[in-house]
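First, one chain by itself: the form predicted alone, in structure tokens.
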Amino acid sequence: MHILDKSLDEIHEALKSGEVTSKELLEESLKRAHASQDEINSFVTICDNAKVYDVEDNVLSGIPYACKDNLSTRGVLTTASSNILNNYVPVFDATCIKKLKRNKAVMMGKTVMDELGMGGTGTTGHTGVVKNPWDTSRMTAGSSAGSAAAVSAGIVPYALGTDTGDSIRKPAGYCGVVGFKPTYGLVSRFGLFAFASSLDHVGCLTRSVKDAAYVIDAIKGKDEADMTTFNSRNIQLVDNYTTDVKGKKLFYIKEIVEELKNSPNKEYYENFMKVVDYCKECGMEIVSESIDEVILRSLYPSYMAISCAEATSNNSNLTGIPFGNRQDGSTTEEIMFNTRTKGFSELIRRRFVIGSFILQKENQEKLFLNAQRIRRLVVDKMTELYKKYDGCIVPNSESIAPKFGEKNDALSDTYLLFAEHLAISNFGGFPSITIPSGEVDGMPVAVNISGPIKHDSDVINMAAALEEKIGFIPLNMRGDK
């Protein structure tokens, strides 16, 4: 096994002892990126001229990582996987990138995503489809598709991602890696190309829960450039890391688990119930709690209404005038029309039309404000439950990664329950982590744990205890894959 395939702790010790150099790690990472690009298409940009650093005491120093292509990186092409930004090179770094630079981490590439972060398939980026390293006939999910694939394939030990509805956690589950979305405001969003600002989170994809703790510890903190951030000195994920979670209380949402039980995917249900048993073996109490099914089935339309409305507003500057790959036109209006028509895919144009319709004065009460009311009902219910419990555990999705071309019935009960059930944590800004929980038909499956705001350490520790009990082996550490 190459040192690049080990945990961040182990890689750091190898760097400190001189067993390997940062340059050698970077060279191996770049070699793997180029070798796998035709097969899985993880990267928009591979930074062959990436700068290496001297190794310091901090664990991330000298170790290569990848970054989702919607985070601003000074002097490095940043496209958000959209034609409208296919020549955009920022003049500043996102705050999380600045912090990783201060930690001497080595950015080796920018990863493919669903265009502008809008989508959950990994198929809509302007540079092509991202394929699942476990089985290239299957999806990775999205929008942090390339980041999940790069970590799963062993190209990097960790990658930055962003999560608006499940965009870190769904790909993590499909690709057999860990995906962590911290409390809203724990990590600055300055330098992130906004999709839906009230839902967007910056997080990470890693091979282990502890590695996720290291990454978030490095990039968290108050930022004067992002007024939603807060002082997080009392949230120290690595210092408080433990797998002793005896006495913790978890609940699962009865309606979601019952729907899975009654679906054709019995093995996924059985896997989840096995994890419930693991929770008990770890000394945690776990019970089912009911949430009004009408509210749960309203998650998907409410999420779409809010996110499309916010996306329409946030991306109104992509006109070819201040930003965007400007197209020719004889008037300002014609320039903007041509730029946006040619710059956006059909999916993005459709979402902007929906968002504009929702924001029209005559529609706001019925569509936008009603969606916000659903959001409030969800957040209030979860906040009430979190007064009794330390966390919530649910299946990460209803199936293994689907094959390309497979169709879902978007009006089915199962789809409506599972399409955006992880967005509950985005609605309330709750910390939420996905960990692999086993395999079904040779593909990874996963569970998700969320908790009250600012209780990121509890969420990390409960996930770590389960990770230890489950004993899942990442793809890059398997000789049979």
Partner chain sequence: MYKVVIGLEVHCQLKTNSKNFSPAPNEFTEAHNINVAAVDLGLPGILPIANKEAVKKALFTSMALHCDLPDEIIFDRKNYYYPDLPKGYQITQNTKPVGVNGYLDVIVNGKVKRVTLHDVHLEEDTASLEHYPKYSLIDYNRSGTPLLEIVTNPCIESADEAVAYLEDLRDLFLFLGVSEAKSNYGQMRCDVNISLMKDTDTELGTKVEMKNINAFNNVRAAIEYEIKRQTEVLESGGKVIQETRRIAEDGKTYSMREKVDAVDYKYFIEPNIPSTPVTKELLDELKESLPELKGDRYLKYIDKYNMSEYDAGVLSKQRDVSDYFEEVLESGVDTTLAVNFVTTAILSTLNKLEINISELFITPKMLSEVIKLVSDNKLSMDAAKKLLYEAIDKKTDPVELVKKEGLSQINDEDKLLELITGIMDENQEVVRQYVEDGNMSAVNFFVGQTMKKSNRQANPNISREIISKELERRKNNGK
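Numbering follows the first chain given and starts at 1. Everything numeric here is computed off the predicted structure, so don't read it as measured data.
Here the subject shifts to the form predicted together with the partner chain, a form of this protein not shown in this document.
Open item on the list: I need the one stretch from 125 to 133, 258 to 266, 183 to 191, 384 to 392 whose residues put non-hydrogen atoms within 4.5 angstroms of the partner chain in the predicted complex.
Closed with: Of the options, only 183 to 191 has residues within 4.5 Å of the partner.
TODO: Give a yes or no for Glu398: in the predicted complex, does one of its heavy atoms lie within 4.5 Å of a heavy atom belonging to the partner chain?
DONE: Heavy-atom contact with the partner chain at 4.5 Å: absent for Glu398.
Open item on the list: Quick check on Arg138: any heavy atom within 4.5 Å of the partner chain in the predicted complex?
Closed with: Arg138: no contact with the partner chain in the predicted complex.
Task: Proximity of Thr319 to the partner chain in the predicted complex, heavy atoms at 4.5 Å - done: Flag for Thr319 set to yes.
Open item on the list: When the contact criterion is heavy atoms within 4.5 Å, does Glu289 count as touching the partner chain in the predicted complex?
Closed with: Result no; Glu289 lies far from the partner chain in the predicted complex.
TODO: State yes only if every one of Ser356, Leu359 and Phe368 has a non-hydrogen atom within 4.5 Å of the partner chain in the predicted complex; otherwise state no.
DONE: Yes, each of Ser356, Leu359 and Phe368 comes within 4.5 Å of the partner chain in the predicted complex.
Open item on the list: So the partner chain isn't shown here. In the predicted complex, which residue out of Asp244, Glu406, Glu224, Asp328 has a non-hydrogen atom within 4.5 Å of it?
Closed with: Contact with the partner chain in the predicted complex is made by Glu224 alone.
- [ ] Identify, from the list Lys99, Lys248, Arg340, Lys210, the residue with a heavy atom within 4.5 Å of the partner chain in the predicted complex.
- [x] Spelling it out, the residue with a heavy atom inside the cut-off is Arg340.
Task: Residues in 87 to 107 with any heavy atom within 4.5 Å of the partner chain in the predicted complex - done: Heavy-atom contacts within 4.5 Å come from Tyr88, Val91, Phe92.
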